[in-house]
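Just one chain follows, in the form predicted on its own, and it is written as structure tokens.
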Amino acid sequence: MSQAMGDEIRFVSLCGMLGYGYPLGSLETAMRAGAEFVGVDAGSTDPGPYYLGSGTGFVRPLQVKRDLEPALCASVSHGVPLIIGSAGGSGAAPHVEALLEVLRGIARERELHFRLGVIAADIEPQTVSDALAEGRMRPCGPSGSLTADAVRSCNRIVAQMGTGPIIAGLEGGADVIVAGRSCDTAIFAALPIARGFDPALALHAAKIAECGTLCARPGGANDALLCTLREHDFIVEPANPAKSCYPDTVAAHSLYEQPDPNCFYEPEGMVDMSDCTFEQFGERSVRVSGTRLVPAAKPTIKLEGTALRGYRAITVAGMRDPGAIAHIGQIEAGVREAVSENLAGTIEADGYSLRFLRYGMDGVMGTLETERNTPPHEIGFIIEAIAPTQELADSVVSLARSTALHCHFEGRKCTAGNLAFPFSPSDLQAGPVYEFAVYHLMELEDPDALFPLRFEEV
């Protein structure tokens, strides 16, 4: 598909996440404005490792269909590609297949015909083990060093693809691409890069576009953003006339989820924003220029792998007694001791975890909370137990709940319970718990080789 670059390329980001919703009028406006492809991110690790580990999506199929149907119809009728990345939420095989089921259903109902490209992102544990043995694995952020045991513990591993596999799909004639786990930027930068546009500008524009109109005011990821990429700059504008982009909102979103305000990293290299300018361009648009790309010396791909940690049970309660709130630490210590003694001989203390969350005190920040001078008049109190089986987790949380309800504390005058429960039953099974056992970068000569591509006529 590589060809001489035209003056510009225009595309639309449907919304921040497939299933989050968008006004249908915004899509219609973008298509009338000459969008040359429709892109949408369909996944994230923001909801944590559970969805990758369990093979389920965090956006319901009805929501996906509601967003996907008009976008698919628009792309087919206008003859422009539709590119979907991180399909199904986490981008592993079951997630991709779940999205394909919705896609094929829409095609049948609407009698659509198109060439579909499907890109897998699943990685065999042996591939990771080999890279680890060869010294080609390194931590991503604070993830720590990877071990062979951690790799073996994984039930599912995916890799984040860059632009290369998507470009291959477009070059193969795909009208619609459904990709497994993808870098957010790859969805929107692939076609511009294939057309010969500056990769630095393409990746930066993609970075802004991937969350829809989160870079606009009024903000929100549930609306469409129109992007125009040119030789020396790009322009972003909400498709919805009720929203506007401003230099500060677009610059702020350039920093979204990034630890360094001057750059962000993709498989293609470091995107350097240190000399960027953000200028108002008309009433509702922003023009961005000055982005540079420093190609990666050693190509790397981020891996995400999950392992089953145990099973979770929780109880949710409220605490209103000022005496109990003032002695919450004493109550928690008493509960831990009582649960440990009660379960002795059944499960050792290091075989389960017991956690207390105090919303209204430090439930969000934990030990980092600085606002501790004014005692709250009430708190939300959550007790969480994780154990090797659901039955054990249920038992641990049941013991902890009953103990906390009547636990003595210094100065207590009443004999009634310490906690108020908003639900009956008070104890809730939360099912399997997964953790990221692999959250690391893998060096390799050809990152695109990890992502097999297949085509089918739908």
Partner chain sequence: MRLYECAKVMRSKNAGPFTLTIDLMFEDRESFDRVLAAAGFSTGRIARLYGVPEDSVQICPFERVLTVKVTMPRPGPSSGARGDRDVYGCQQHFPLADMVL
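Note that the coordinates shown come from a computational prediction; the quantities given were computed from them, not determined experimentally. Residue numbers count along the first chain shown, from 1.
Here the subject shifts to the form predicted in complex with its partner chain, a form of this protein not shown in this document.
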Give a yes or no on whether each residue among Asp149, Thr346 and Gln429 has a heavy atom within 4.5 Å of its partner chain in the predicted complex.
no
When its partner chain is placed as it is in the predicted complex, which of 367-375, 219-227, 130-138, 323-331 ends up with heavy atoms within 4.5 Å of it?
367-375
As a check of understanding, the residue in Asn342, Gln280, Asn262, Ser145 with any heavy atom within 4.5 Å of its partner chain in the predicted complex should be identified as Asn262
State the residue from Ala174, Ile157, Val236, Met273 whose non-hydrogen atoms include one within 4.5 Å of its partner chain in the predicted complex.
Met273
Test of understanding: in the predicted complex, would Ser254 fall inside 4.5 Å of its partner chain by heavy atoms?
yes
Heavy atom to heavy atom, is Ser77 within 4.5 Å of its partner chain in the predicted complex?
no
Could you confirm whether Pro49 comes within 4.5 Å of its partner chain in the predicted complex, counting heavy atoms only?
yes
Tell me, yes or no, whether Glu435 is in contact with its partner chain in the predicted complex, where a contact means a heavy atom of each within 4.5 Å.
yes
Across 385-402, which residues bring a heavy atom to within 4.5 Å of its partner chain in the predicted complex?
Ile386
